[in-house]
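The chain below stands alone and is given in structure tokens; this is the form predicted on its own.
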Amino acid sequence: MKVIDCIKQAKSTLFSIEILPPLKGKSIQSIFDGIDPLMEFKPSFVDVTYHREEYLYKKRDGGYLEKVSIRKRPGTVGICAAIINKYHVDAVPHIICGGFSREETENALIDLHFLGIDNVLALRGDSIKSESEFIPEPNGHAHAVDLIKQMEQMNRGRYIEDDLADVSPTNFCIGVAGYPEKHSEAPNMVSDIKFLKAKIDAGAEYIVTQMFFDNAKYFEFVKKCREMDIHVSIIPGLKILTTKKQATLLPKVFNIDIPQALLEEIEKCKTDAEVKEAGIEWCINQSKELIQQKAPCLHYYTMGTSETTRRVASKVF
């Protein structure tokens, strides 16, 4: 079922999760072990992230350097198929611009269509570590809005080769990312929401937000989106803070603020175990308020583990 149909049919706030593919060489059982404890809360869908290839230079005999491509977390499409087969729950693969040409994107989407996967999350993706800024692949997309346009063309039965006969249109429900505290590369919040509006106009049907720890930021973001004529469902993304290091790392990596009240609770903690308890309690309160304000779905970034999310969900759903 499409994400937007799940939301339309729901009588209360839905529960969903996002998982990481396992490291290369690891069994898919690690994915199942992370999902199994959360199935009692009946997730409406499971997002599976995509990690693009990176490059490193290995020194070879003779002193020359060889550029080697590596993929640390492959398998998004296969994982989605396995989740659907095992749990009969909709899986949402992340499709990114980085590392893909238009032809490779089309082929990936065809594979998903063959598997009966009708939800995708369209993202530009991050630059690789060796790049100071995002660089698209030759004949690839520089922005998520262009990726969405290609998906929407396929939904209309239009492929790159325009002379194909008797083509079968795809049927993707396209989600996009939203940033309650502004994307790090946007000049300001107004321009950021204009970029978001362009993605909705191009065919995106729902929004999942970046993680945030202050619900007021989410409520204000929704209000600004509505004022700028964005009326699709906006799903809040939640992360449970579990270590002291995250209090300084997450703001730097994701361009978000840690509320002063949460920071003060963390500073009182002597161990990361105590931080985790404080983070769980904070997320429980966040979740309850979002449900009270009728958020369409709560989307938890599990980061490959389920214990903390299970503890939050058991108090909320």
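Note that residue numbering begins at 1 and tracks the sequence as displayed. Given the structure is predicted, the values throughout are model-derived calculations rather than measurements.
What comes next is about the form predicted in complex with flavin-adenine dinucleotide, which does not appear here.
In summary, the region of this chain contacting flavin-adenine dinucleotide in the predicted bound form, judged by heavy atoms within 4.5 Å and restricted to 226 to 234, 163 to 171, 88 to 96, 108 to 116, corresponds to 88 to 96. No member of the trio Gln246, Leu250 and Ile280 reaches flavin-adenine dinucleotide in the predicted bound form with any non-hydrogen atom inside 4.5 Å.
flavin-adenine dinucleotide in the predicted bound form comes within 4.5 Å of no heavy atom belonging to Phe15. Proximity of Tyr159 to flavin-adenine dinucleotide in the predicted bound form: non-hydrogen atoms within 4.5 Å are absent; the residue sits far from the partner. By the criterion of a heavy atom within 4.5 Å, Gly203 is excluded from the residues contacting flavin-adenine dinucleotide in the predicted bound form. For the chain shown alone, Arg124 is a contact residue for flavin-adenine dinucleotide in the predicted bound form, at least one non-hydrogen atom being within 4.5 angstroms. For the options Val120, Ile240, Ala144, Ile83, the residue carrying a heavy atom within 4.5 angstroms of flavin-adenine dinucleotide in the predicted bound form is Ala144.
Taking flavin-adenine dinucleotide as it sits in the predicted bound form, the stretch 199 to 224 comes within 4.5 angstroms of it through a non-hydrogen atom at Lys199, Val208, Thr209, Gln210.
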